[in-house]
Structures are given as C-alpha cells and as structure tokens.
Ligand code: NAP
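Coming up is one lone chain in structure tokens, specifically the form predicted on its own.
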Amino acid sequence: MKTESITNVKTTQETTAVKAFGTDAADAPLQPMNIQRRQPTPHDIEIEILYCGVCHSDLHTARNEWHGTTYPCVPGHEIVGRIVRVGDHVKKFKVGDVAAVGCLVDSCRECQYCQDDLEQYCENGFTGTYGSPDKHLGGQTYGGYSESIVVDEAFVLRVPDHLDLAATAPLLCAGITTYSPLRHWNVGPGQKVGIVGIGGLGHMGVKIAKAMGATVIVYTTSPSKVEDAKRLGADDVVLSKDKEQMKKYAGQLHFVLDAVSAQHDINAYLNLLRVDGALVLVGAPELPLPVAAFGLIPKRRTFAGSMIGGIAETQEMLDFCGEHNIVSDVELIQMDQINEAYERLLKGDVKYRFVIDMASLKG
C-alpha cells in the first residue's frame, strides 16, 4: 500500500484496497482478504497500523456468538499505529505522529451524552470500529486486523511517547474498560478495592487501581495465579473457592470490579462490600446472575455495570498510564497465528493479552 506523507487531502469518496484478515462466516477461520478504506476527507487521519490487540469481543463477533454479526467481518479495536496522511482541516495531529484508535470511530455528536463526552452511551448509537454501519462508504466498518484505517481526528488518540507500543494497544479496550469505572466511582487512597478475575481485563484493573492509590485485593479461582497477581501489584490474593478465605474481607471493601465472564455467585462478592460500597460488572456472563435482595438492602450497596469510556476519558486513561508507566502484559503474535490465538483465548491460555504485530500482514 502506498503510504507517502501527504499533508493535504481533498474531500473524496474514492477508496483504496488494503490487506486485512477476517472471516466470511461464523464457522470459518480468519484468513487474508482485501477491504476498502475511504480516502481521507478534510477531517480524517489515515493510520498505518503497527499493532492491534486481540479482545475477547473479537472472537465473540467473528463467531457470531452475540447473534448480530454481518459478514465479512474484520475485527480489531485496540489499534496503535503511525499517521501517514491527514486531511487539510486536521489540527491536532501531523504525519509521523504515533496515534491510537479504540472501540469508537464516530457517534451522533449531538445527543446529551455525546455533548457530555460520553460517546459510548450515544443515544443514537455510536459507530464501532468494526461491525457498525459505515456512514461514509455504506456497508459496515472494518477493524484493526488490517494494514491501515481512516478515522475522523475527533476519535483519534495520542499515545504517550515512552510507552511500549505493542503493550499499549490493549489499553484501548481493556485499559479503558477498567479505568472508567474505577475513575467514575472515585477509587483512591484509603480504599480497599477487590478485583475479581485475573485475565485481560482483571490484570489491568489491578495495575490501575494500585496506581490510583488503593489497597488491592485480587479474587481468583486459580492458585497458579496467586504469585502473578502479587507481581501485578496486588496487596493480597484470595482464593475464591475457599470459603474461609472469602470471609477475610467481608463487609470491608469500598469497591469491587468484577471482570469475570463465566457464571459465578455474584452474592459472594456483594457481601464483601461495606456500607455504600459498589460492585461494578465489566465481565459479561452469558446468563443472568441472581442477586439476593438482602445482599444489597441492609448496607445500601450498589450493583452496577460499566463499559468503555468516551474519547476524552480514554485520552485521560492513556495519559494516566503514561504517567504511571502502565501497559498490558502481552504476548506478541503474527497475523497468521490469529486462529490459534482464538483457541488459546477460549482456554485462558494467555498472560494476559494477545497483540498482533501487523508488519506480519504485509510480508
């Protein structure tokens, strides 16, 4: 693909074919394909993708496990790359800058939530990096398992200079998914915070909550993860299958971040909360989780959910991670290893996030 540094780009709906990796059906493996990207409009930025994280959402979508996938599907919403072209109205970025794109590439920009920098809750529906209606070309958006992407500068993010770029990629989903609730519920010094589950999300929750000044207690079903949780910054680790250990912090925690997507007893974790404590779900179990009313009522506990953050908060998260030298623990893979990575992801066989070296797509 031609990636010369063109500073001024005229408005056009012409397209360029780029290499990508995607799938044509729920039961088909991901494989090489060509997709169309629009030529940058005056407010657009074209990014050569260097690294793309692998989110569990990618697997769910590729295999139509959420029953809404349109094919062909090109996943990927944890994107870090280098800017190769900018439109002539772009103000915040220039050719050569390192930039990032997360889960959002557009929103209505007019509703109350967009006006409040909460584009993730856009009343008219945000435009996802992949699998959403493409306002420019028709059809649907295609994600970061590709050579390049074109995005309006309002949805492009700056990457702190000193962070490892490959390990930064998962911050664009796993990082903001955990940062947003911790920030919203004002986690900080003097608080005890529980992190349930040590995976792609949970390991980021530990790092961020610790950097915010909280005392962090990790809850895991895996004895093999005890030492790793401490390495990540946990002050204590509780094996959740041990009923005696689960009593240790009963009624003491200010906040619990639940990052588990498997079925589990949510009441066991609600009982850890003190008065006015909050448990926030960022994992997404397939079936409803029964909640006992008297696990909430006597201590005015809150049971809530949270998703990603808006663009302003995502930039805040990146800056926070830059200040505290926080990145994800990653395993770098080649593009043609993605199907194997999906199978390993299903088994939990990764510490703690796969990242694709997109240079391997060009070879």
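Residue numbers here begin at 1 and follow the sequence given. Note that the coordinates shown come from a computational prediction; the quantities given were computed from them, not determined experimentally.
Unshown form predicted together with this ligand; subsequent notes refer to it.
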message: Taking any heavy atom pair closer than or equal to 4.5 Å as contact, tell me whether A100 reaches this ligand in the predicted complex.
response: no
- prompt: Closest heavy atom of S180 to this ligand in the predicted complex, within 4.5 Å or not?
  reply: no
message: Taking this ligand as it sits in the predicted complex, is L345 in contact with it (heavy atom to heavy atom, 4.5 Å or less)?
response: yes
This ligand contact at N186 in the predicted complex, heavy atom, 4.5 Å: no
task: Find the only residue in R85, K225, K192, K210 having a heavy atom within 4.5 Å of this ligand in the predicted complex.
output: K225
query: Given that this ligand is left out here, which of C73, L279, I217, L201 has a heavy atom within 4.5 Å of it in the predicted complex?
result: L201
message: For the interface check, one of 193-201, 91-99, 134-142, 147-155 should have non-hydrogen atoms within 4.5 Å of this ligand in the predicted complex; which one?
response: 193-201
task: Could you list which residues of 227-266 come within 4.5 Å of this ligand in the predicted complex, counting heavy atoms only?
output: A259, V260, S261, A262, Q263, H264
